[in-house]
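One chain is shown next in structure tokens, namely the form predicted alone.
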């Protein structure tokens, strides 16, 4: 057998990678890149973290278990809900698990999960996959100028509803302004109110518990991960009423035989490796190492740094929208709302053609409709907005 030298393989990989388009990405819609401090890599790449699997032996896993407990604690603080697990695969699977939890705990009959009509396609597809196995159906409620249409939702939510899902910010980056009203409608229908968000946005937006959220799901990979467009980190937090229905793993704190504080996986009888087909979920692993990275990133930023990052996401989006709105043939933002990171842009020409022309100029944006683009700005690409605006002026 021919054995290739390391330098030959590296050279071939370099040639393959060189074929990638060198684009400045202004892409979002659930996948967000923020600068990841080097300390995250240095700590998370330690062998005791990289080689660890599930922490079933607490006597040899105290360090990792404590880090996961801190991750859960951060989510509890951000959401205001008392229970958070130590990760799901991604935001889509977390939403699917929330729907099946709602079906298990709802005291009356019902089989409809209501979601906003503006929802990322992949997230809805995963939710429908989960719901099909539980004999639930997924239906939508209308949006009004980027926010939930409360009147239409009131007409739709009823006895057949098991879950009402809303996002803050929405898939188009809009801050949802009437979350409490959504929560009230869910409560009136005896349905669970599930709210989607991310840890950066949660640091400045309304606390989910304060608007009646029963469950919070989302993509925690906004911290600790580069933009992956695949691998994620699903967050899942809920009221303590649902403690024994929570999917995934929970790290608890207690005392060891010597009376010292210790950490362990707790309430494992919910899980598949013990209850098999009667488990609360068939999820059989998690994203513990990615959750570790998110915890390190959040701890490095600290509370003030996390708030500063979120505020920058609001300011940069508003500033870029104002500049694009001055380009002839473009109007931004489409929705008269406050935005986090991203916003929609209406263009006179076909959006797909404009996106293609921008790609030729070295910039990637989403085409989300016949005449709609979506642009996302974070700390990673904020320094390239001048070039994006110039490219818009060139191609429109």
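From a predicted model like this one, the values you see are computed outputs, not experimental measurements. Numbering follows the first chain given and starts at 1. Heads up, when I say rigid core I mean the largest set of C-alphas that superpose within 1.5 Å between the two forms.
Although it is not shown, the form predicted together with another copy of the chain is what the next lines describe.
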Taking 4.5 angstroms as the cut-off for heavy atoms, does residue 372 touch another copy of the chain in the predicted bound form?
-> no
Taking the shortest heavy atom distance, is residue 48 within 4.5 Å of another copy of the chain in the predicted bound form?
-> yes
Does another copy of the chain come within 4.5 Å of any heavy atom of residue 386 in the predicted bound form?
-> no
Just to confirm, residue 38 within 4.5 Å of another copy of the chain in the predicted bound form by heavy atoms?
-> yes
Taking 6, 10 and 380 together, does each of them reach another copy of the chain in the predicted bound form with some heavy atom inside 4.5 Å?
-> yes
Hey, does residue 23 budge by 2 Å or more at the Cα between this form and the one not shown once the core is superposed?
-> no
